[in-house]
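Here you get one chain, nothing else, as structure tokens; it is the form predicted on its own.
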Amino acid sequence: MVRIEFLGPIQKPAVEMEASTLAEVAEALRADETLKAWLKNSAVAVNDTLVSGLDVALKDGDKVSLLPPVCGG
């Protein structure tokens, strides 16, 4: 199981799912209409390290975080 965390304004509770790659996580999350816009614009971190592609392998206990862009002032 991997844990998916939605940070900042996404306002969605964390979920756990079986996935062996980040691509599998992305595919599952695309099924949620409320996440589609966030998926296009968010950075992704695996175990607190930013990643740039979906070919990242995952193992049991990994944490995937969706980091939406934020505005500051």
Partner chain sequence: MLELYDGALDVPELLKKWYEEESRGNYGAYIPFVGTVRDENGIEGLSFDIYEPILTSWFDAWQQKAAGRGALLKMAHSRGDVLLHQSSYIAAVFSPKRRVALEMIEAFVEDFKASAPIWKYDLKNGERIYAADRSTAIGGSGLLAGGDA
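Quick caveat: nothing in here was measured; it's all calculated off a predicted structure. Numbering follows the first chain given and starts at 1.
Not on display, but discussed next: the form predicted in complex with the partner chain.
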All of Met1, Pro13 and Leu58 with a heavy atom within 4.5 Å of the partner chain in the predicted bound form | no
4.5 Å heavy atom contact, Thr34 and the partner chain in the predicted bound form = no
4.5 angstroms heavy atom contact with the partner chain in the predicted bound form for Ala19 = no
Go through 2-38 residue by residue and record those having a heavy atom within 4.5 Å of the partner chain in the predicted bound form; state none if no residue qualifies.
-> Glu5, Leu7, Gly8, Pro9, Leu22, Ala26, Leu29, Arg30, Lys36, Trp38
